[in-house]
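In structure tokens, the next block holds one chain alone, the form predicted on its own.
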Amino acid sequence: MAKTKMNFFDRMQALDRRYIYLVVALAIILPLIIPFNSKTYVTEPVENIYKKIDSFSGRKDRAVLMCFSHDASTMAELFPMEVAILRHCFQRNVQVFTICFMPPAKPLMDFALQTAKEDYTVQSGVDYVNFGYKPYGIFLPIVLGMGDDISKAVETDDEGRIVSNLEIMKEIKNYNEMNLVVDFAASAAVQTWITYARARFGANVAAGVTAVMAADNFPYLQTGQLIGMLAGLKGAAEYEKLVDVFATHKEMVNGVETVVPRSFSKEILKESWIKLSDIKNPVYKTARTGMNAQTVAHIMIIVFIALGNIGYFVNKKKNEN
């Protein structure tokens, strides 16, 4: 009996699924090993956070509070955005406070600070303060207490120093000066800052969340209760680009390559093309490299799904005939 000749779709239907897994694995691994320059489009929620932080540049009466509300399981999405914001603050002389209410978040917060500090001359107690880990049981008293007096709500920092004695506190008292809270979370933690810091004291609140949590926070963006949001690896990649295009922009000055920060401009952003190969520190391009791998993998999966469905209907029609 003669064998029926298999067409392309028959072969795709009969393809061993292990080959599909192999192709998807290569689609993820190769872009990580050999980064390429893909286009990163900056969305308005990310742009708004950048512009708010940049407006604090060089001011001693303004500061940013970064709250770390996640553990290592979501580090891949949240850590790059934390480092990017810290780089922005350190480069533009924006004062920063960091705090966490989860024990697993403490080493991640310390690691983010150490990573971002590598290329900057910043001093603890002067340019930034790490409040360290505080038990969740006093989360609400601290959130509310900061509305009146930060140094009374958090009396000591991570190094055991009296907060009120630190130089950074000379012109910083409450949310009027510490005028932006950015909560990095894989949960609904940011909603507590909205409920109390925003509603009670009028503090500006922004969110850095995992991609799956973004949908829960869009209503707060629409009502203005969140001034901006970084959503997953895509949001981190956008912020990395903004830092490279504006905050850490380099020009030749008297024959020496020098960092010349420039003001935000949509025109400059449209024209700018950042080569990942020009960024020496791999941590500073983590999100964009990850987005390359994620994009290629998603395209491959979509192709396999499309081919599988087309093959199914082709074979179904053939069998009916």
Partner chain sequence: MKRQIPLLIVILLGFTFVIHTFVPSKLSMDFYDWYQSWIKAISPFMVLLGIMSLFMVNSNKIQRKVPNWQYSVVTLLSLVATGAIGFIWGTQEGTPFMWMFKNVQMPMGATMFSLLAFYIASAAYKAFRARSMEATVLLVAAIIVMLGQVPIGMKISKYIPETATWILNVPNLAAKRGIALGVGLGMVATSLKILLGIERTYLGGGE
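Residue numbers count along the first chain shown, from 1. By rigid core we mean the largest C-alpha set that fits within 1.5 Å across both forms. Since this is a predicted model, take the numbers as computed values, not measurements.
The same protein has a further form, the form predicted in complex with its partner chain, not shown here; the description that follows concerns it.
**Q** Within 4.5 Å, heavy atoms only, which of Ala188, Ile162, Val126, Ile138 is in contact with its partner chain in the predicted complex?
**A** Of Ala188, Ile162, Val126, Ile138, the residue with a heavy atom within 4.5 Å of its partner chain in the predicted complex is Ile138.
**Q** Quick one: from Glu82, Glu77, Glu240, Asp183, grab the residue that has a heavy atom within 4.5 Å of its partner chain in the predicted complex.
**A** Of the candidates Glu82, Glu77, Glu240, Asp183, Glu77 is the one lying within 4.5 Å of its partner chain in the predicted complex.
**Q** Using 4.5 Å between non-hydrogen atoms, is Lys173 touching its partner chain in the predicted complex?
**A** No, Lys173 stays farther than 4.5 Å from its partner chain in the predicted complex.
**Q** Mark Phe264 yes when one of its heavy atoms lies within 4.5 Å of a heavy atom of its partner chain in the predicted complex, and no otherwise.
**A** Because no heavy atom of Phe264 falls inside 4.5 Å of its partner chain in the predicted complex, the answer is no.
**Q** Test of understanding: in the predicted complex, would Gly202 fall inside 4.5 Å of its partner chain by heavy atoms?
**A** Result no; Gly202 lies far from its partner chain in the predicted complex.
**Q** Find out whether any non-hydrogen atom of Glu155 is located within 4.5 angstroms of its partner chain in the predicted complex, and reply yes or no.
**A** Contact check for Glu155: yes, within 4.5 Å of its partner chain in the predicted complex.
**Q** From the candidate stretches 241-249, 89-97, 208-216, 174-182, select the single one in contact with its partner chain in the predicted complex, where contact means a heavy atom within 4.5 Å.
**A** Partner-contacting stretch among the options: 208-216.
**Q** Pull the contact list for 270-309: residues with a heavy atom within 4.5 Å of its partner chain in the predicted complex, in sequence order.
**A** Those in contact are Met291, Gln294, Thr295, His298, Ile299, Met300, Ile301, Ile302, Phe304, Ile305, Leu307, Gly308, Asn309.
**Q** Answer yes if the CA of Ile274 moves 2 Å or more between the shown form and the other one after aligning the rigid core, and no otherwise.
**A** The answer is no; the displacement is under 2 Å.
**Q** For a quick test of reading the superposition: does Val42 move by 2 Å or more at the CA between the shown form and the other one, rigid core aligned?
**A** No, shifts by less than 2 Å.
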